[in-house]
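Form predicted alone, single chain, as structure tokens, below.
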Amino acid sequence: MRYNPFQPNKVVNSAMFVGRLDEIQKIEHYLFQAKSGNSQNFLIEGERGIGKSSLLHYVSTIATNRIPGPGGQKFNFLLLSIDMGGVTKQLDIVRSIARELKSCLSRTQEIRENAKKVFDFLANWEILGVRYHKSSETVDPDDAKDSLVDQLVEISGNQSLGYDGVLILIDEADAPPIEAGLGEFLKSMTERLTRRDCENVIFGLAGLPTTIAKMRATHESSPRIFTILHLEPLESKERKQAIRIGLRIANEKNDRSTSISDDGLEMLADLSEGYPHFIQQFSYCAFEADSDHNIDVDDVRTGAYDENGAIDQLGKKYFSEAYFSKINSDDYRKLLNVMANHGDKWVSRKQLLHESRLKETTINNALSALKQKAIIIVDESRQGFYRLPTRSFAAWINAIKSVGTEADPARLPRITLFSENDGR
């Protein structure tokens, strides 16, 4: 039994983090500005599996002085990591931040004593109930926000605590419903903090590309308070670097070293198409499939293609419903396969007809059905142009095609059977 260093089911730790240097340098600059009294908020956006949560985690290690930033800066921010799960209204957001603030202040007796005023307030504030004072008053969201601002101002300005400021990280910012009013909350909170001359509290968000639209729906100008950092897939050399780092960590822990062939490394990098989660999933499964301590192309294929392998896992997490469960035609899947060759770029109906070699009636029926089921997107500005909703969906489809083409023919019926049995 060996230690497998790859982590497809959780945030990648800072030791295995690669790439994103431009984004990290920008965020390091924002932290420095906040430390100097000029706060700048940021929003990391990108598709699922692109590494938003891992980047937030890496930022947290810089902000809390666990590692220096790429520019050599050292920081000591009070870090509040907020979970948006279960948030349905604005008061839930206030409670989440207050609960995390209380938890952070509880960790050491020294902090509790130096921030006694804030801690005592939070201890008496029923952040999990329907009241925020020990009285029969119902909660007014504006009063709750003002009270939270009071505590953030008190903490960020308390010299005895030694903090550079407060960093509030909100992952999955796209999760709360529009009714929760996240955009309006953030806009009003930043304005309240500015009116109190509190310029060392930063909000850092991460979410899907839909986050901006959802925030704008609750407050038109809320996106203006953020610098938007859009994440693209990693470059080939960065993908390979991540794999090599994982193997190096494994070789430090295991009794026997594991190597990887050049072809195996190339195939893993290609299959992932630059999505960090894909890199971790394909690498994890290839490592598990290896039996001779040298990961080669056969190990990569086996790990990707076998039952409960990488393609199966990624499909269950992200794509199987759209590719299998919602479609009962291999011809429709063939059309998706052709579209995947173009990533998330627009493709004309004429081009799809030529590349797929399907009948015109089949193409028409497929496009109509896929559009109705929201599996493809229609270009509203041009007639007859279509695309896949995300590049990661295209990457997964391309991985199926790549491994299916190169794999042992004896294994091919698994995918064929999977497609034939969908909808049961």
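Residue numbers here begin at 1 and follow the sequence given. All of these numbers come straight from a predicted model, not from anything done at the bench.
Keep in mind the form predicted in complex with a small molecule is missing from the figure; the text below concerns it.
Among residues of the shown chain, S39 is not one whose heavy atoms approach the small molecule to within 4.5 Å in the predicted complex. In the predicted complex, the small molecule sits beyond 4.5 Å of every heavy atom of R301. The small molecule is not drawn, but in the predicted complex it has no heavy atom within 4.5 Å of R391.
Looking at L370, you'd find every heavy atom of it more than 4.5 angstroms from the small molecule in the predicted complex. The stretch in contact with the small molecule in the predicted complex, judged by heavy atoms within 4.5 Å, is 44-52, chosen from 62-70, 44-52, 353-361, 382-390.
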